[in-house]
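Given as structure tokens, the chain that follows is alone and in the form predicted on its own.
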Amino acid sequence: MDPATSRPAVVIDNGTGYTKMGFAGNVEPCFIVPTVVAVNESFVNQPRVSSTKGSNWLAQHSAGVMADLDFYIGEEALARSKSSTTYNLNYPIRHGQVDNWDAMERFWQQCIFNYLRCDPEDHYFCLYIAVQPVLALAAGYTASKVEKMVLSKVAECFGLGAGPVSKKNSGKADNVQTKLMTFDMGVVVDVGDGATHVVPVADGYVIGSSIKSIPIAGEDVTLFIQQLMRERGEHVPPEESFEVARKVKEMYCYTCSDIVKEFNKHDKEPAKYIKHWRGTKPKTGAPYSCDIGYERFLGPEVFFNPEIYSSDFTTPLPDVIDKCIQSAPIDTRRALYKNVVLSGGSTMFKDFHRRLQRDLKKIVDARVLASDARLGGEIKAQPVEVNVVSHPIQRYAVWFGGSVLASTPEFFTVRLPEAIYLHIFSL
């Protein structure tokens, strides 16, 4: 018997904005940290000294080794970049795609050895990495170059030669069934920081041909808030503006039911609705403050009226969900409308699920009325129930699904032995 099966598997969900990590069987992740790495690049930026003396080159080499080992992740990385100019921030995942594999490997090392404090040889791993489009995963397609890169980095980081590497297709699509374990059918609306996917599930199977993705996610909300505050002339240090916008999004933003009424409310009672942000300039230590006004409700509004943010994509999220369901088999549509499940940190805005349910219901009711009008009242269509499910674990639903999955006995039978790994790389 493999001794690793007696210990809980390590579950890591690497998202564009945040990484959730913990052990299988738990309801919540042990740590939630920003997916960012601060690397000391002082040696990289130093000019190469051309000298024949071996001592000078040895000193430079030793400094390079130390610089390569000197890095931080998460909130500690953000703090280091503010306090020192020698640390540069690197976001390994951009828009749902791994952008820097070296930074990703460093991030994993810190997650395992510094945060979870476990030995990779003693645990199986369930990794969710945003490296491929959800459509490709759902269709069973594997991009060989990307897959090889994932396997290579995971093997280097976790030590493949010391033991087996649990291999579960990384991404959100194969986790959908776990998310909907209590539903026969449903639609997962997964809105993360870098990508938004709408995935329908019928009888436990993903309907791959109906999956929809949109190029608007949580990071776009942050950038829109940053833009609004800059245009209004708020005195926020440029190097702090993105982080301030992110904090404003997470702490003060909410979804409104009527954007015009919300403008009037803020104009009539500004003292009640306008919030204040206070911070300290990282370079000088001088305090600063700014007002937080319309961006409180305009930020999340980009999901329902995306034209206020970008002219490249103008289809609201409720319309995308409706198109997704309408492209599914006709006998599954009523059940899909009835179970629209939210997932991802960018669905945590106050009243987000109510606004989404209301707008989706309007689209469905308008279609039913148009159908009745075409038939001249001879046949009356039955009303369609629309229900958007909001639940306490939707912020880390992907991680929770991995926790449930890695707790089952079947999980330990799905692994990648070293022989198969070597065979893949020989192809």
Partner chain sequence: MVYHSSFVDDEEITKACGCPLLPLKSHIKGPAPVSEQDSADIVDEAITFFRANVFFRNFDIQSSADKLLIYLTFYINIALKRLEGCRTLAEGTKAIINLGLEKVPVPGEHGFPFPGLFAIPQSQQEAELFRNYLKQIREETSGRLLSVAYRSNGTPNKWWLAFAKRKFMNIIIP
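Positions refer to the first chain, counted from 1. Remember, predicted model here, so these are calculated numbers, not experimental data.
What comes next is about the form predicted in complex with its partner chain, which does not appear here.
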| query | finding |
| --- | --- |
| Heavy atom within 4.5 Å of its partner chain in the predicted bound form - the one residue of F349, F224, F71, W108 that qualifies | F224 |
| Contact assignment for its partner chain in the predicted bound form, among D203, E307, D122, D99, heavy atom within 4.5 Å | E307 |
| Its partner chain in the predicted bound form: contacted by all of D258, N264 and Y294, heavy atom 4.5 Å | yes |
| Segment that reaches its partner chain in the predicted bound form - one of 240-248, 298-306, 204-212, 326-334, heavy atoms within 4.5 Å | 298-306 |
| Distance check, S83 to its partner chain in the predicted bound form, heavy atom within 4.5 Å | no |
| Close approach of R232 to its partner chain in the predicted bound form, 4.5 Å, heavy atom | yes |
| Contact flag, L228 vs its partner chain in the predicted bound form, heavy atom cut 4.5 Å | yes |
| In the predicted bound form, I274 touching its partner chain (heavy atom, 4.5 Å) | yes |
| Residues from 355-371 in contact with its partner chain (non-hydrogen atom within 4.5 Å) in the predicted bound form | none |
